[in-house]
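Take a look at this single chain, the form predicted alone, given in structure tokens.
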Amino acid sequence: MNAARPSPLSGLAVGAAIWAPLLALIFAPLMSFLIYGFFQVEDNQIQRTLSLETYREALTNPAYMRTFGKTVLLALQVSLACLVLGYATAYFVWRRPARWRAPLLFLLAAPLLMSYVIRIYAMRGVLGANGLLNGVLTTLGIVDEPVTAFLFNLTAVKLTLIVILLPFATLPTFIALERIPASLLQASSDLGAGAGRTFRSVVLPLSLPGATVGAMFTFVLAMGDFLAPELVGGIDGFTYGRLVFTQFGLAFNWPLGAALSALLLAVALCVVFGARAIGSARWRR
């Protein structure tokens, strides 16, 4: 006796039940938020008349664009550093005996269990005038007085973001390495390939999609972060995220903040789809 075939209407009902909460809880608030960019502020009051003026200001103001370009460069540097350091760390853990991998991964992921603010203040404790780094330098006699240039600049923001975001690059890379079948490594060895050749021809191509995902995560998170630049950046560490935060907080200009945020959203979507396209192309090859 043949089982009854599911009705197309039942499939639509299941799809609607799955997507309706997403649309209601994520996309609808996001769209309503972006609509604020079509409003303007006059006399500290939001004027709810639709206009492109706020978006035009957000996209053409030279000061905003300079800050945006500086932040893109910062995010690229942080992402590249996390990609290299994260891959090296993930590869080191992957090459350890199986009994050591779980404890090492826990140590890598443990900072994620802490508050984000605590991690930033920990970096302030390392880079500050009375911090760990200055303590080591003065103890070794490398400097006579504490160096104040380690904190409240763009370099401090980069170092802080690299340390904080490193697990987001390491864990996806390790998962990709863990999924490489041991039989492929054995086959490469049986065919006479050394460790270097096996890494270049087998390990690196198969693990690169995971490393790309990690780099994507770090870029998007660094691009929109405002708390680390606020706490360790000072005046020289002013970033696009702080600019958006200022419009919502100090200036109370929600329309301009929403318009500036739309550019961040567009960059994040481009990075996500770009990484997906790169991964799909490598998979087809």
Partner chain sequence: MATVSANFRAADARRPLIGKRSLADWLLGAVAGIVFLALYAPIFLVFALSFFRTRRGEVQWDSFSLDWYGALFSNAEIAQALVFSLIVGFSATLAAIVLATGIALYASVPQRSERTRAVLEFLVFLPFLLPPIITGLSLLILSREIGLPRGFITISIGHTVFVLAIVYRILLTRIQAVSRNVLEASRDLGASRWQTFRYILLPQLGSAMAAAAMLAFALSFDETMITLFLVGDESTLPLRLYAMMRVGFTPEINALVTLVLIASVLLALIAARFIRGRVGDIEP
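Think of the rigid core as the biggest set of C-alphas that the two forms share within 1.5 Å after superposition. Remember, predicted model here, so these are calculated numbers, not experimental data. Numbering follows the first chain given and starts at 1.
The form predicted in complex with the partner chain exists for this protein as well; it is not shown, and the discussion that follows is about that form.
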- residue 23: touches the partner chain in the model of the complex, heavy atom cutoff 4.5 angstroms: yes
- Message: in the model of the complex, is there a heavy atom of the partner chain that lies within 4.5 Å of any heavy atom of residue 53, even though the partner is absent here?
- Response: no
- With a 4.5 Å heavy atom cut-off, would you call residue 209 a contact of the partner chain in the model of the complex? no
- Message: I'd like to know whether residue 15 contacts the partner chain in the model of the complex, with contact meaning heavy atoms within 4.5 angstroms.
- Response: yes
- Query: If we check the partner chain in the model of the complex, which of the residues in 154 to 175 reach within 4.5 angstroms of it by a non-hydrogen atom?
  - Reply: 163, 166, 167
- Any CA movement of 2 Å or more for residue 88 between the shown form and the other one, core superposed? no
- Item | residue 112 C-alpha moves between the shown form and the other one by 2 Å or more, core aligned | no
- Message: I want to check residue 23: does it shift between the shown form and the other one by 2 Å or more at the Cα, with the core superposed?
- Response: yes
- Query: Are residue 216 and residue 19 closer or farther apart at their Cα atoms in the model of the complex than shown, with the shift being 3 Å or more?
  - Reply: farther
